[in-house]
Each structure stands twice: as structure tokens, then as C-alpha cells.
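In C-alpha cells, one chain follows: the form predicted alone.
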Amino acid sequence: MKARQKPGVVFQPRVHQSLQRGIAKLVGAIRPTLGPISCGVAIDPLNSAETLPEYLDDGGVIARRIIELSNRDEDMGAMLARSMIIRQHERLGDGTATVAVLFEAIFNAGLRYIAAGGNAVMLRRHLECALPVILDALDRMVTPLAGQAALTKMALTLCHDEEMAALLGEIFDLIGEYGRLEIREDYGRGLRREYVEGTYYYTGLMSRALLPDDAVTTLSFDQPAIFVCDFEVDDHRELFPVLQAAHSSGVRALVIVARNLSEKAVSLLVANNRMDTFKVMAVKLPGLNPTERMEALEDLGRLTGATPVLSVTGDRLDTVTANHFGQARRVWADLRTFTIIGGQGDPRRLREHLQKLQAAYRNAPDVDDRKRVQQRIGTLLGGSVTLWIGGFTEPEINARKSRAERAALALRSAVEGGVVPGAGIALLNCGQLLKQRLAQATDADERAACNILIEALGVPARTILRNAGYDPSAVLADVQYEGPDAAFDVLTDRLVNTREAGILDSVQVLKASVRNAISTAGMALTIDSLVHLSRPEIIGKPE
């Protein structure tokens, strides 16, 4: 049985009132998760077979679980906030609770000003004009994050797990901002890490027949030549020029990287492997789509010095010479992975390629694009780490893995961009520059925007203290008396220096939080009507 909700248009003042209620409901579910001492949220299990509610303390995951509010007007406000929070979560992995409380504080204060007769469009303009002032203030506080001890302290503020923090500090001290880190579930009860030397890809041998016998699962060559192409070889005779070029140049071990080989082509390579003077293996070209395959061809060429032979540009296998081959100190492959150790490409060309990729990483607007480019950089740098997450139960393992992923993402951004005082102190300090701007402002809307932001920037620090059970006003009065680097450590119940105590925030996370909160609040304040389309609502069980 279905009942159809009627379409309609909603106007002011109901628009702002409904948006405010919807935002309050969603942010109210996330606010308790801000800070090292915080509460969680219990959500009905997604699987009907489960009886226990899901316990969450991650603002991004909580926002994902809230799909829709029953009131359609309020739902628009909640979904506006939800989209902003998920965007922050996907890009940086941290700052979701901070951006939520900032957004709500700016929006609520803006509504009060508009209700008193202020102009919403001009207020939005001045809020956005004040954004560069805040970002500049944050940039002035930045210090680099380096050294295992500092990285471990930073990791501890992110995951609140000493064992995990120690491992993450050690890992990022080794791999840096672009290194390759994978986080996986483990069957054990604790945490462990595994270091892998070389550049490896999630692709493997073309066929099990290439392995010498059933007992061997890995094929390994020392000092092999490497041939890279994007061909699907159906006729085994197409490989004759490649093998002839290898024989003519005295190659004793050859690695062929191609998109696919037919059974006859694989049989030809197996026959060559029976020779004592020449060995060959065939590996699938990495990549799940044409774009990824072209990127892999370019990276392999730079890494090994090989000249890729491309069917898309009209190249042919019968023109292959020894000049197309690259070199590596060692190559090994099994049915799932392919690893190159000591690629012998031109170091200068490889550095230039890495610099180009790093620039693309910094400028990529899309989350998936940034992640893909970062993985390419980490792969080319060589060496990777796998962090195995164990626990007593599956929910515990999933929760620890989620914390590790969030902490790793935030730690990577901190290593890349630097850190500022944590516990909301950096945002609180930004208010000093805004007070200077306020003193010079003559326009009423600009003064209102400055006052709104000065008040809102103190909300994260106040929320952290309130969640920990303290009176924010009393504590912040002592903190501001101590100086710009002072903070109240709710774990030790004392005033500390943020940099000495390791209470730090990634500047990239904070800048993204401020940017998202101001831009989304400005947009929400200038929404003047809501339009509802007709859509069915299922009542009871579907037939």
C-alpha cells in the first residue's frame, strides 16, 4: 500500500525555521563525538538479523547512517549538513564534528541577524570575504610535523589508542606523506605491521602454468629485462619478435607485461622456460580501466627505463628491439601480485615524473583523483606498509580499523601541510585577526559577519570541554591567560603547551573545516524557498 506525498513550495519564515530544526537534529547526533573524552551514538542495526544497535563515534559514519528525516522540510536542512560532513570525511578523514558544530553556529547566528532585519545576501558575501583572513591566521601558526615521537603524539590525539599510535608514528616516519599504507583486518587479537620492499601492483602472472612446479607459488628473476605493452596477444607468433630481440641482446631473464595472452602464447613462454639459458614470465598489465592501464604503462616506463609499446598509437610488436626493454635488480610475481625491486630507469626522469604527480595531487579537486595519484606516487617511491588490525570480536576489529583509517588519513595531511595547536585553540586564536578587522569595519553587515565568526570559532573548543564535563567559560579564561599555544588537556586535567603535549591538529583539516562550514552556511542562509516534488512513500511491507 502506498501513499503519495503532495508536491508543494515552502516560503519564509518557515524555510529558515525548518532548515534550522533539521540541521540541529543531524549536528546534535554528531556533536557528542568531538574531543578525546566524548560520547557515542547508537543506531539501529542495518541487518535485520542483528539485535544489538551499532555504536559509532565517527561523525562521518554517523552522517552516512542518517538517510532521511520524516519531516520533508527539516530533511532538507539535515541533508545539506550531511553532504558537507561526508565531503569532509571522504577528503580528509577528520574534522567532521568540527565542521558540523562550526556550520551550525554560523547558521544560527546568521539567522538571528537576518531576523533582526539584516540582509542575507550581503551577510553571506562578508562571511566569505572573511574566510581568507582565517586561513591566513591558520597559516601563520603552522609548524612542520616530523620525527617519530611527534608523529606518535599526533596519532594518539587522533585514535586514542597507544598501541595503534605507536605503530602509526613509526609507519609515517618511514613512508612520509606520499608513502603507501594499507590497513587490513587480521585474525589475531593485536596489531602488527608488515613492511614490503619494492614497487608492487595488485596483478599477477598470466597463468599458473608459468610456475615451475606445483610446490612453488612465486616466480623470481634477478637482473631481468622488462618489456611493457598494452597488447592483447591472441596469436602466439606475435611474441616471436620480442623473444628474438631478447635472445639477440643476450637477455637471460625477460618479464613481459601485457594486457592479456592467449593460451598458445602462454604455452610458448612455458616452452622457453624449459631452457637453461633463458627464462621468461608474463604479468598482467595493472589497471581495471583504460585510464589506469595507461597510467601504469607510464609509471612502469619511468621506473624501469622501458619504452612502452602501445597499440593505441599504432605501435606493432614486430618492430620491437632491445632498446624497448627496461631493467630491474629483481622482479618476482605470483598469481595475485607483481613486485619490482630496484628499477633501473633514469633517476632524473623519474624525479621529474614524481614532481609532476605531486603537483597533480595537490591540485586535484576530486577525492578519488587525489587518492589515485597518491597511490601512484607511493608505488613509485617503492616500499609499502600493511597495518594489520586484530581484536576479540568482529565489531571491535571493524571499529579499530575505522579509527586507524581516519587517523592515517589525517596524519598524512598533517605530514603534508603541517600542524597547528589542537583542542580548538587554533580556531580560537584566529579570532584575534577578526577582531582587528571588526575594529576597522564600518558596514553593518561586515561587522555582523565578523562577530558571527568570532563567536563561532570558539564553539569547537567549548564543545570539547563540555563533552569532557568541564565549564568552558571558566577553563577558556585560564587558557587565554596562558598564551596562544596553551590548551587544557582533558585527559590529564591540566593546562599544557599544545606542541609539547602533542595536542595538534592538521592545518589542512582545519582549513577545510572552516571553508566548508562558511560556504555551506552562507548558502543555507540565502535559501528563500523549498520546493518539494511528488514522490511515493511506502507504508507497511511491500507486496
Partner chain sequence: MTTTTNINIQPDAVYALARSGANLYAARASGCYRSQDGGVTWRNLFATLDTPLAATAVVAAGDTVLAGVKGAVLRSDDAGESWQTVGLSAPPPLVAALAVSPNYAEDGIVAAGTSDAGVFVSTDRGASWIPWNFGLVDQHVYTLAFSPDFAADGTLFAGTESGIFRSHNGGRSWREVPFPMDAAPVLSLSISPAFRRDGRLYAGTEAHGLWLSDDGGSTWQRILRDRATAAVNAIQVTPAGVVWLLLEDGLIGSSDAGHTWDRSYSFPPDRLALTLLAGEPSTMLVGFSNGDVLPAG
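Positions refer to the first chain, counted from 1. Nothing here was measured: the structure is a model prediction, and the numbers come from that model.
The same protein has a further form, the form predicted together with its partner chain, not shown here; the description that follows concerns it.
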{"item": "Heavy atom of each of 173, 176 and 329 within 4.5 Å of its partner chain in the predicted complex", "value": "yes"}
{"item": "Residue (of 311, 440, 223, 398) lying close to its partner chain in the predicted complex, criterion heavy atoms within 4.5 Å", "value": "223"}
{"item": "Heavy atom within 4.5 Å of its partner chain in the predicted complex - residue from 381, 141, 122, 243", "value": "381"}
{"item": "In the predicted complex, residue 435 touching its partner chain (heavy atom, 4.5 Å)", "value": "no"}
{"item": "Partner proximity in the predicted complex: residue 197 to its partner chain, non-hydrogen atom cutoff 4.5 Å", "value": "yes"}
{"item": "Heavy atom of residue 351 within 4.5 Å of its partner chain in the predicted complex", "value": "yes"}
{"item": "Touches its partner chain in the predicted complex: residue 212 (any heavy atom, 4.5 Å)", "value": "no"}
{"item": "Partner-proximal stretch of 313 to 321, 73 to 81, 383 to 391, 201 to 209 relative to its partner chain in the predicted complex, 4.5 angstroms, heavy atom", "value": "383 to 391"}
{"item": "Partner contacts for 330 to 349, taking its partner chain in the predicted complex and a 4.5 Å heavy atom cut-off", "value": "330, 342, 344, 347, 348"}
